[in-house]
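Starting off, we have a lone chain in the form predicted on its own, written out as structure tokens.
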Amino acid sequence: MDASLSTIILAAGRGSRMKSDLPKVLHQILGVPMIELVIEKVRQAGSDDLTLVLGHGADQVQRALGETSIRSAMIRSAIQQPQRGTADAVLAALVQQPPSHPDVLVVNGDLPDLDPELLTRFVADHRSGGSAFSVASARVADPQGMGRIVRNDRGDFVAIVEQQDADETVRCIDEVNLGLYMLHVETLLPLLEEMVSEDLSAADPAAESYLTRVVEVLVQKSLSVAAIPVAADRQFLQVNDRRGLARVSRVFQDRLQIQWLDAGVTIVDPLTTWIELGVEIGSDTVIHPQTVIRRGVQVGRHCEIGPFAHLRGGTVIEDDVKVGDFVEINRSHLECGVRAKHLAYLGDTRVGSGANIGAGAVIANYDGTHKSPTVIGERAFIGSGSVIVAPGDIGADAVVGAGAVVPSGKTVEPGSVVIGVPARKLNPDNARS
């Protein structure tokens, strides 16, 4: 489809069921804020004009998005304050940030698993049908908790009734509202303004105006509305609470691991392995149980990671590297053939090819205020239980003896051996005596 679609993403709610100080849309799924996933999916569906409706934690959301790779996209913000329902939220977006295109897609910010192809078909069906307002619907086996699509005796779509407002007859309906809407701005805007004004005119400060009610308003005015059936399965997993977040994360993880397995990566025990989005792994690499690989990590070919390894963001692992049990690596670069087999910590470290990091070795990169880098040269040998205090410079073919502590700023010359606390150069003549 052509890029002539505006999108409103509803992300103003507190998400009280999350029981969190963090706005719901900033809770992460495999290392990525939920709102970022939604934005990515609607952009893939052809939307070139996005407006986020923000309210609770608006500053937090804006800061978070400003720090991501999507900051160059055309994304605008509308503020809904106070939060008084989805119709009020959509109206805030239309008034504060008039859309660039006549057709507007409205999605909830807690639907991180949208299918771009499904969105594209939904938009196309709306346009071909010529309705002023369309709702994506599906028939599901368990409609509990979802708004029902109500049709009259002729099969015409006439209302959406929420679970809490439904009688026994309506609760038996298995066609549900999926939280995706298409609207024609010129037709909807004046009606929405009138409806929201009416809904919020009561003295009750808790009164809210919901977008689903616009269906009844349009039907009363003999304007066309449509409930467009779409194929719904896991594409509409919704995050309402921590349980939902865990459930969606598990679905994403299972799907992602299948992709890695099909790409030639061995995952010994998928159930105890956790790989976030935005990771690169080369073929013939083996991931052992209880391993965590965070967003932004790159792992080469023919590597062996784990068990109980933790690779954190900013880490690059080249080919034929072995990272063993209880090794944590953060913002570090391990060149080809490096071995770090047991109980080590590497932070802000570049390790040259063929170097060996002994059991219990620690690169102490943080002095309580600043984090500093360390360079370990090719074929260097870092002994068991040693500590290198950053910034450090260990030359090629150098040896840091077991239990040695290399002070901050010290350079260990290429080919030399240092031992002791603090580490000092071993005199070969003394070593032979």
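Residues carry their position along the shown sequence, with the first being 1. These figures come from a predicted structure and were not determined experimentally.
Absent from the display: the form predicted in complex with a small molecule. The rest refers to it.
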query	finding
Contact of residue 330 with the small molecule in the predicted complex (heavy atom, 4.5 Å)	no
The small molecule contact at residue 345 in the predicted complex, heavy atom, 4.5 Å	no
Proximity of residue 10 to the small molecule in the predicted complex, heavy atoms at 4.5 Å	yes
The small molecule contact at residue 96 in the predicted complex, heavy atom, 4.5 Å	no
Residue among 257, 273, 177, 249 with a heavy atom within 4.5 Å of the small molecule in the predicted complex	177
Selected contact from 253, 77, 187, 83, since only one has a non-hydrogen atom within 4.5 angstroms of the small molecule in the predicted complex	83
In the predicted complex, segment of 352-360, 195-203, 106-114, 150-158 with a heavy atom within 4.5 Å of the small molecule	106-114
Heavy atom distance at most 4.5 Å to the small molecule in the predicted complex, all of 24, 146 and 238	yes
